[in-house]
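What follows is a single chain, given as structure tokens, in the form predicted on its own.
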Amino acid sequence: MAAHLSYGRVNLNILREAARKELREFLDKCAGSKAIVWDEYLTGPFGLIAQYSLLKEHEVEKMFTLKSGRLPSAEVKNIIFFVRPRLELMDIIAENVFREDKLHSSRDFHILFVPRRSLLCEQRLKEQGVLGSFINIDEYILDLIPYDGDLLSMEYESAFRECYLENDQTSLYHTAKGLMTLQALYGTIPQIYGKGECARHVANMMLRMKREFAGSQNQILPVFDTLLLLDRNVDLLTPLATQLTYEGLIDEIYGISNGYVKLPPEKFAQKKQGEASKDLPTEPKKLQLNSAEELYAEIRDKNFNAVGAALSKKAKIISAAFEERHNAKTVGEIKQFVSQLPHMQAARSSLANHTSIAELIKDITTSEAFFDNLTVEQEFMTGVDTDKVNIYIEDSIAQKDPLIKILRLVCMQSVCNNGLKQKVLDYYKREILQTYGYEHILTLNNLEKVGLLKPQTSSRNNYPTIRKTLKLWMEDANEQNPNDISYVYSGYAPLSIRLTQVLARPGWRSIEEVLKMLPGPHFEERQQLPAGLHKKRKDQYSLGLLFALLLTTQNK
């Protein structure tokens, strides 16, 4: 049991256990020894649900990555393919099956589509002549994955691109189904609020699904009071800004994937006296990051400027705890100290790891390049010189800095200025194409299509009004002892968070004019609770929780 998933106000272990139960049931359908062939993209999300120990309990003896050619040898009865419904993956599976059939005619093949079964994929397998080789073809609904005690994720990297660029709304259906699963486990959510076209589609699908299953609802007292659905394009600024919390900077610099981060090994090497540098590790240091680790839970959301003091305080506490051994005189006191030793050693190891990570981050955040980049971001967010070519961006292009850095800054300037003047936009485009290559014409065109980069079509810029009304910029953000969410960006309060706060109190009616300036409709829906739960709900203390879902989250 993942204890950290039950630390929050809602026990997310219930959702994880439901997912694990479905996985066990499918594995048990395939009697006998098994080898799983993984679509590599799925290994991370599945790692948040089930470790290898669970698979081993159900006779999984081997695991391979899905690749062209012949599968590695394995003396097993069942070969199970865990794959996304992608046509290109069906061609690889067909090749694997053909080659295996020639060598092992007695093997049983199974396929598990995640998160949905696909008729198009089955048709492709039929065309390849292997559909009849599969004993079981099933789907495994993995929509909302418990990521930590206060976070659910769909781990759907391409959702933003699919919705806004390709006009493919499959991810919205998965979102609606995931929220229906959530309600099946935690009770009907009485109030639904939303902003944006995608949010409206998801709410409509949820309401339709609820009508279709009327009469079969579980008599579960609601855990959630309110569901807030927000389109990503309602708040395009936040994902463009540099994150300044401890966890945010780890993700910004090294990338956190499925709860794990890979870090340069140098800072983690335990050097012995006279040890040659060639003996130092070369493989990246892989660490799991979640609230199960006491120290990480304490510092993850702190502004990085407050992390040093927190680590120093923790070091003094751990040092004092180890010094207690000198005060242990009696057998009972010694026994008590020894019983606490494993926890103390784990705390010391955790402190060493996070001190090393903080040092790695500090090397970057104290650099002139980081400071200059952050200064330009904050100028844009406060409305300074957003209507003309920025000298820093110009110089960064000339120095051929990473293209992703340039695009983030140009898009941020566009978002904060309600589009760029045509001559400014044309200048940036010309400089980018001449410096980074004309293949990026498509990149720039795609950014325009999704609204991140666009020409100014109106003389009116709504961003200053939105910024002032919602207090998106706070001059005196307290980074050490924060009393406002603006501390996470050292001044900027995320628009999506401000919308959530206003909804909680005093309500969106107080900002009707601002809501009209943001893209898409805003709406409110009420869901009827199953009969018999109304009185129980009134009698019980209600969780004042907003379950906010940023639809089609952009992957940076």
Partner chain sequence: MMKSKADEEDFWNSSKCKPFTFDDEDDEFSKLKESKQTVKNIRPLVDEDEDEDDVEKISWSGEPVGSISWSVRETAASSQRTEREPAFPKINTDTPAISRSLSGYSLSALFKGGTAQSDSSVRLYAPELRKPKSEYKDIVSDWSPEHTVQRMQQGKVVHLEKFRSLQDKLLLLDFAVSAHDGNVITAVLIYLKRTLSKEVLFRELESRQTALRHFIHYLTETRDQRLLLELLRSRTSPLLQYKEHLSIADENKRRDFLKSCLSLPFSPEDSAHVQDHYTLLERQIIIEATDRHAERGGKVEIFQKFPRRASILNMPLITTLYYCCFYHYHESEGTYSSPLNIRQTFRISDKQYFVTALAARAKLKAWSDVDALFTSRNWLGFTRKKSPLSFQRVVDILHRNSAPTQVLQEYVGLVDDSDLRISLAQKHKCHDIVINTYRDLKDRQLLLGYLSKVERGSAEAGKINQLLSNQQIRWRN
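Since we're looking at a predicted model, the values are computed, not measured. Between two forms, the rigid core is defined as the largest C-alpha subset superposing within 1.5 Å. Positions refer to the first chain, counted from 1.
What comes next is about the form predicted together with its partner chain, which is not displayed.
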*Can you say which of 463 to 471, 408 to 416, 145 to 153, 241 to 249 gets within 4.5 Å of its partner chain in the predicted bound form, counting heavy atoms only?*
241 to 249
*Proximity to its partner chain in the predicted bound form, single hit among Gln191, Gln378, Gln336, Ser257 (heavy atom within 4.5 Å)*: Gln378
*Wondering, does Pro342 line up within 4.5 Å of its partner chain in the predicted bound form on heavy atoms?*
yes
*asked:* Taking its partner chain as it sits in the predicted bound form, is Phe98 in contact with it (heavy atom to heavy atom, 4.5 Å or less)?
replied: no
_With a cut-off of 4.5 Å between heavy atoms, is Val450 one of the residues that contacts its partner chain in the predicted bound form?_
no
*Spell out, yes or no, whether the shortest heavy atom distance between Leu112 and its partner chain in the predicted bound form is within 4.5 Å.*
yes
*Check each residue of 185 to 213 against its partner chain in the predicted bound form and list those with a heavy atom within 4.5 Å, in sequence order.*
Leu185, His201, Met205, Arg208, Glu212, Phe213
_Does Leu89 move appreciably between the shown form and the other one, meaning a CA displacement of 2 Å or more on the superposed rigid core?_
yes
*Under a superposition restricted to the rigid core, does Asp363 display a Cα displacement of 2 angstroms or more between the shown form and the other one?*
no
